[in-house]
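This text opens with one protein chain seen in two forms, each one given by itself as structure tokens under the names structure 1 and structure 2.
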Structure 1
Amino acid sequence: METRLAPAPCPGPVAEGPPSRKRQQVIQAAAELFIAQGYGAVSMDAVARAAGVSKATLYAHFTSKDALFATIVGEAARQGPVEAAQMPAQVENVEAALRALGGKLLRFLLEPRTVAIARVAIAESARFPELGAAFLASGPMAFQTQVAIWLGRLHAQGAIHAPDADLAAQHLGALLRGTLHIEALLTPGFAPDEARIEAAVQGAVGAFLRAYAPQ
């Protein structure tokens, strides 16, 4: 539900193994490898080598390659896209606020790391269903829920006309993603220039405001 509003209330270790130094090395190295190359292309040997530990140490901390992968991607998905500060309760200029939010979202979605994580999550969601669900819930859905609340507030203020705030949030997100998102997912090294991003944001916000203008 909430992305990154407050630090976790329970700071203790959660699942398996203490947060030792080698364990952190493993997690960081594995994250880089899995995100960059995907599940199948990364061997436990490669993880061990990159982390500077032996394979036996690897298996002392994670019971299997699957478990390691699930841990890595699960944590990576929990990095929320936009902070709540991006959606102020009171706005004087709706268009400017939407453009700021849209620019933040779209730029986040197109970051190479974000794209790589999404690609891995989509690729392995068939093998790890709970992983796909977790990514969906803590990523796109969490963001959309926040936006829906915000748009509902704007509607109550009369700044926009969106009786169904959930649908409006879905439409806003969809318009912003446009085709850039799928292009990025299918094109390794995709990096649109700033002008195209800004144009996409402007076009999306324009269409959204025409569709959801007050009266």
Structure 2
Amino acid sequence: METRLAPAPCPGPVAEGPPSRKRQQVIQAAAELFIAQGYGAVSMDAVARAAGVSKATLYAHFTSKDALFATIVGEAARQGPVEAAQMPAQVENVEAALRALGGKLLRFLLEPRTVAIARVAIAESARFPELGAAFLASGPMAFQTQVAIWLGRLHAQGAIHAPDADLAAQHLGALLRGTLHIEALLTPGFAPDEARIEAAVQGAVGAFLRAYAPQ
């Protein structure tokens, strides 16, 4: 039986610069195994075999299975909606900026790979609490933290009235997820058309701006 360590919010390579090819092999192989077999059924030995690396190499990059899962979630998030370009320091049109960010977030959440990883975390977090903690820290909470910083800047500029930027970020995320996200999680092959996604984003941003209009 493997020993699982406490979840690491920001796992990564040990004493390395840019991500190595072997590290990326491990991340890709592990993601495919977790999605296909579930978190509990996958061992670090299986990950090493699937990635074509030694166990020493695997543990040099990731100290535990939950740290590896957190990295998978974190890298997916970094390639998704959490980008500085989507949260500009100066905003001339707040509605347009929020719709751009919201559209990217919702489309990211509805991607088959994103949905599959979320299903793994939800299905197995009761048996493996470190899995749920890793998912929260590297996915939803990472997004919420960065959005809260941005909303705080918009508040300081007078573009919105959000004295509690953390709460505003929670509200924005919840509005954008709406029912589409839960439908995606519970419905295999769910793929809403662009019109429905756009309508969801527009409605969420409209509600947010009515709640956080400048005073």
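A quick note: this is a predicted structure, and the numbers were derived from the prediction, not measured. If you superpose the two forms and keep the largest set of C-alpha atoms that fall within 1.5 Å, you have the rigid core. All residue numbers here refer to structure 1's sequence, counted from 1.
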Handout entry: Chain form predicted alone, by structure number
Key = 2
Problem - Threshold 2 Å Cα movement between structures 1 and 2 for A184, core superposed - result: no
Problem - Large Cα move at Q202 between structures 1 and 2, threshold 2 Å, rigid core - result: no
Practice task
Examine S138 after superposing the rigid core and state whether its CA is displaced by 2 Å or more between structures 1 and 2.
Solution key: no
Exercise for the section: Could the core-superposed CA displacement of A31 between structures 1 and 2 be given in angstrom, to one decimal? Expected result: 2.9
Exercise for the section: Superpose the two forms on the rigid core, then give the C-alpha shift of F69 between structures 1 and 2 in Å. Expected result: 7.9
